[in-house]
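For reference, the chain that follows is the form predicted on its own, supplied as structure tokens.
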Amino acid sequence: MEIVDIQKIIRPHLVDVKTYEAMEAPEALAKKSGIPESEIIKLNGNENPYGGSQKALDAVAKTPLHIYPDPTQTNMRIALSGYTGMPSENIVVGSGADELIDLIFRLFISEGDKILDCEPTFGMYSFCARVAGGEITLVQRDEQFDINVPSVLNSIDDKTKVIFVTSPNNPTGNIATESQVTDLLSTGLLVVVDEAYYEFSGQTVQHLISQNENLIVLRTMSKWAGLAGLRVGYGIMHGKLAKYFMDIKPPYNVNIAAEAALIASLEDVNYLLSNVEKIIGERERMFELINNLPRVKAWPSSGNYLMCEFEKNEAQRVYVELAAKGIFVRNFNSPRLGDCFRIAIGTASDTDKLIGAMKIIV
């Protein structure tokens, strides 16, 4: 029997697709550095150093794992409505915000359609575009990493369907203003504002949704609520659009443990937001400490991370030497960020160890 060449039946654009550059697992980082996993300092994933709420942990422990989750997401949507102040019919929950990004492509993008992405930014939008067979137009942000609205508008053609905006932007940390978002909405294209770090900035455009069917706001429970491992995020959008998302999502897309953790977390908001305040305070302390070092600049940030910019060709050296000491930060392949890396905000102890190492390395 002749051996089948499986590549001949794979969709051609996926045979050699450029993948998303995900982080290595902690055990792999420990092995690479030769430092025990318990001693590494993992500042590359924008994870919450305080973890989730105890109420969420208890809720997961009591969850009957043999029962399917509710396909209508009723309890989650009601809980999120109470938290966001938006009607439950405007909310759709996903297995992480990443699933909602994927659903956006399933709903709106056919092969040959275009998206506009304001670069540098989160790599998931371009990755999903490549998987969907869409085309990507990368519109460069300005020197301060703000959205260049005129350049975005000039890049639109008859194949353009979606504009992605991250606010606070990952990894640069700056906010998209309401006027910038309104200018983009006036194009009539779908505008996706990813507010994954909303709790660290306190700024949102969700109030624009009632008057703009072409606006989606994405949020996650990964960062502020410490549920990254359970993969649970949500989208806020016009009720008409939410119905389409509910129609095409997998019926049991959010697992029952994630559902229990989300609801319990929203019953413990004050505790979780107190951890957010600690992270913001530590962010400001780290910002000052880094900017007191020679030959490095920390950019102001409204997220739970800082982007650091070094003299030419220095960022990779510092990145490698930090890794050798068991301190892991996030570097990027983007041409705009060749002299930069991003540092997630950890505990005060993490910051002190990082700064101690950078004083020697930089």
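Please read all numbers here as calculations on a predicted model, not as lab measurements. Residue positions are given as counts along the sequence shown, with the first one as 1.
The following text describes the form predicted together with a small molecule, which does not appear among the structures shown.
Among the residues 161, 278, 285, 231, the one placing a heavy atom within 4.5 Å of the small molecule in the predicted complex is 231. In summary, among the residues 83, 245, 108, 122, the only one with a non-hydrogen atom within 4.5 Å of the small molecule in the predicted complex is 122. Of the candidate stretches 174-182, 89-97, 142-150, 109-117, only 89-97 contains residues with a heavy atom within 4.5 Å of the small molecule in the predicted complex. The small molecule is not drawn, but in the predicted complex it has no heavy atom within 4.5 Å of residue 128.
Within 4.5 Å of some heavy atom of the small molecule in the predicted complex lies at least one heavy atom of residue 223. A residue is said to contact a partner when one of its heavy atoms sits within 4.5 Å of a partner heavy atom; residue 196 meets this definition for the small molecule in the predicted complex. Contact check for residue 73: every heavy atom lies farther than 4.5 Å from the small molecule in the predicted complex.
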